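The same protein chain appears twice below, in two forms, each given on its own as structure tokens and labelled structure 1 and structure 2.
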Structure 1
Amino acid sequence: MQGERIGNIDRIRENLSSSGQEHLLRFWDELGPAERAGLLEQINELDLDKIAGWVETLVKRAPDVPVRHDGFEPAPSYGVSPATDAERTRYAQALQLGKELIAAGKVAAFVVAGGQGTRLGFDGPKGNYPASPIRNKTLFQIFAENIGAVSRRYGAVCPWYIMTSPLNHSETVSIFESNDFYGLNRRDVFIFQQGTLPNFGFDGRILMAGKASVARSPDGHGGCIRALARSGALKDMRNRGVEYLSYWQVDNPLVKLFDPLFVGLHALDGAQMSSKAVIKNDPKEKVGNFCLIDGKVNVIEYSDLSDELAEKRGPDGSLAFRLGSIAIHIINTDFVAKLNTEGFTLPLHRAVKKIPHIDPQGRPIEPVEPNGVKLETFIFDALPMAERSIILEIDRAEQFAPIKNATGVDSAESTRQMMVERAARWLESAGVAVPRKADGAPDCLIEIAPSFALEPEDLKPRRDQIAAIQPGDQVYLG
């Protein structure tokens, strides 16, 4: 037995050594049995053949792939509202179809929540961040209440799939358990984990987080395609007859889940993966740009769009490349299954980061400057693999307010402000007077629970339940 284990470790050491990673066993002799087992498990998960390739092409230097600055065409899109009679008919059909699909239980909610949220610097899963302006409801609670309200409206089961990573899975599960799944049926909430990839120093050596642990990070939101299949989530969807996933990111509390118009346009057009888009604020706004490459919808980095193309304008003066990606998609379960059977891979992207690790003496290092490379995949790289893909423009102020940073742009503060502004607009559209300051901002705090209204039209019939609002009031409608 002992001999076998030693033989085994020798072989592992040899394999590691031939890919330049033998240092992962540097502290082997100091480790107890449980630590050894844990470390071997992590080493076992490393695809050493592939890693050797990544080190040369992605880690030691940025990839050689020439950045393409041509061949991009603007991608077509559906406008926020229909502009012609033909479009009005199409939107009406789509809305009807979308409602039927939701009512038939063919649409599921799918949030990716496996990220590390380093920019926000919040302790714990980002979904547990208190986001709402008055009740401080967490992101998870806001989404859960939305799902509950949609489910009641359509009389349908609306299952919710949540992707975590090994770094935040058990904490996420405990949060749901201790909150009694926010009133949802726990059988309809499926929490599963994505994979991880090792972190590297610039010399190509995998960093160690501790003497018995490899430094690793989640494999990006693109990791969901594989994780959906591996975790059994896809099978669960099939058993339930779910055909469409309403995909969003955990940091956006304004997201309109189960949007019947979006689902309907996607289904009517026979698309496999579709996207919502905002109109960019300026030509070089730092968002992914939708464009067509060889007739397929792609999202390219803002840095890959030349100044000339970024500034290009159409006859009406609007930007030719005006559609920015906000990571809201409809994805067909069949498409996810097909990608998995075809042994697909999404391209790996390189991110230079500050990565805590231990040095060769085992001392912990908290780098102040970027010291290594993380690799990840992006969900939007699956778009060109779809035969058809539509884009629906949305009004940013209504549906997109990501919490990325602790302060400033895209922060909890700016998101709260946008939640209040949206609630104020909804109330005004229902004929409720909202006190405003000289600069036009609401002079009050307003929070509308999803159970009270999912969209502005829900407020009119409840008009008599809303008291007059005075300057400085805190108004919670729930």
Structure 2
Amino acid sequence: MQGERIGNIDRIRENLSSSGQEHLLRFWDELGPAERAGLLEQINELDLDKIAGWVETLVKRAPDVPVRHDGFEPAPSYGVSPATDAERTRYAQALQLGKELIAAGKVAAFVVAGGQGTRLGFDGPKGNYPASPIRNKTLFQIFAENIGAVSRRYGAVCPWYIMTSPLNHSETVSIFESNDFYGLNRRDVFIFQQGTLPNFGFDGRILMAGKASVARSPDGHGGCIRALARSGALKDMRNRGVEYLSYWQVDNPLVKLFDPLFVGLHALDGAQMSSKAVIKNDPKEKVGNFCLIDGKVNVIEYSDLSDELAEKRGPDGSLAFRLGSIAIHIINTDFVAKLNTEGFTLPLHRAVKKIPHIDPQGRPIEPVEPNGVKLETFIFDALPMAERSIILEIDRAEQFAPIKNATGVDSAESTRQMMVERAARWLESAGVAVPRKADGAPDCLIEIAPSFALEPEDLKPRRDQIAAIQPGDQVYLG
């Protein structure tokens, strides 16, 4: 039924009734022409042929149980640095190939940015959250400056694709327009929306947000696979000759957007979708776990991994499942196209949430307890669909500092601290003295703009541009 233009109201009622969703037209007689048209459009977007199955297997089913260990193996990976002569040769080849691919315009940046800053106490798209320690540059600005610096370094056009959601699309576009696209050519910035999925009550009935509106939520970061094709972004990539997407999520300002080593290893191995990983801080750290199932790379959510597996250790005492997923990938555009063939779908995941809605009398309800189920897809579920996939370990302190919480772990405060500490290490590696406190933390604030340095090696030739740093200084290098 999806994609079919609905016109006959009796047939619509029949289709809804067969799916157990006839209540979506409960207020039909009270609606005006524009409201009716809008509601029909929303109903037309529902995949009614699949909804009964979703209700049975996802909405009404028992909560998930931890994944058993049958058939599980720890996933292999490339290390942060090569350990043998053969690996050193491989890494050198990959680094050179990655640089060539970036310079040839074969690599594009792709960020999923559909979230709001609600958990941070911030009103607006999360990408507009001020993140840098001195200039308070927003996440969007930090990424844009990185893309601009990479484009200049390689003499290439590095296009940027940004997936928003219905929650923040218009505002995101306005932010970019009001900031003149942060100095990037607007023709090289492609902003598009992800899709949505209906919200369900525990009884399996789709909730109504209003008399003429279905309660819906963004379909998760896995929704990018469909959205890339439907929005025209994939076509734009092909017209430009883009073959690889550098994928990340909007909350990580330390991400290395164009990593030639990662791109090169991925290309050398003929992979279709690859991942970066960090070594987990503890067995139950709240990151996905990389593993092999039937020889294919998979990510198992921390909440789905049994305690037995999470605590399992190898002969050297290290965690067996030590590789944590951080939502940084390289994805081939041909792989995205392949996944958009007819019948493709990523598995759906359930999340029990508090969902505002109206009751059968049309009165608004703001629940104080979870009252329903939202469905979403995860990008990492595409990994086992790839014929080949590699994992590259990275140094967490260099490339992973997500802003997820208002305070504490993975907060704006901890991220700014990591940004300062990374800048201090970079300067010290170039021979610049950085004052430190008794506990070893930098006794100053430092912010390095991508235009000044994209990596530590860029600082050595610019040492004469860096003044001596005193305790308490605020040092901006840009």
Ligand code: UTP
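No experiment lies behind these values; they were computed from the predicted model shown. Heads up, when I say rigid core I mean the largest set of C-alphas that superpose within 1.5 Å between the two forms. Along the sequence of structure 1, residues get numbers from 1 upward.
Looking at the two shown chains, say which is the form predicted on its own. Structure 2, not 1.
Classify residue 456 as shifted (yes) or not shifted (no) between structures 1 and 2, where shifted means its C-alpha moves by 2 Å or more with the rigid core superposed. After core superposition, the C-alpha of residue 456 moves less than 2 Å between structures 1 and 2.
Core-aligned, does residue 109 move its Cα 2 Å or more between structures 1 and 2? Residue 109: C-alpha displaced by less than 2 Å between structures 1 and 2.
Post core alignment: residue 376 C-alpha displaced by 2 Å or more between structures 1 and 2: Shift of 2 Å or more: no.
I need the CA movement of residue 18 between structures 1 and 2 once the rigid core is aligned, reported in Å. Spelling it out: core superposed, C-alpha of residue 18 shifted, distance 4.3 Å.
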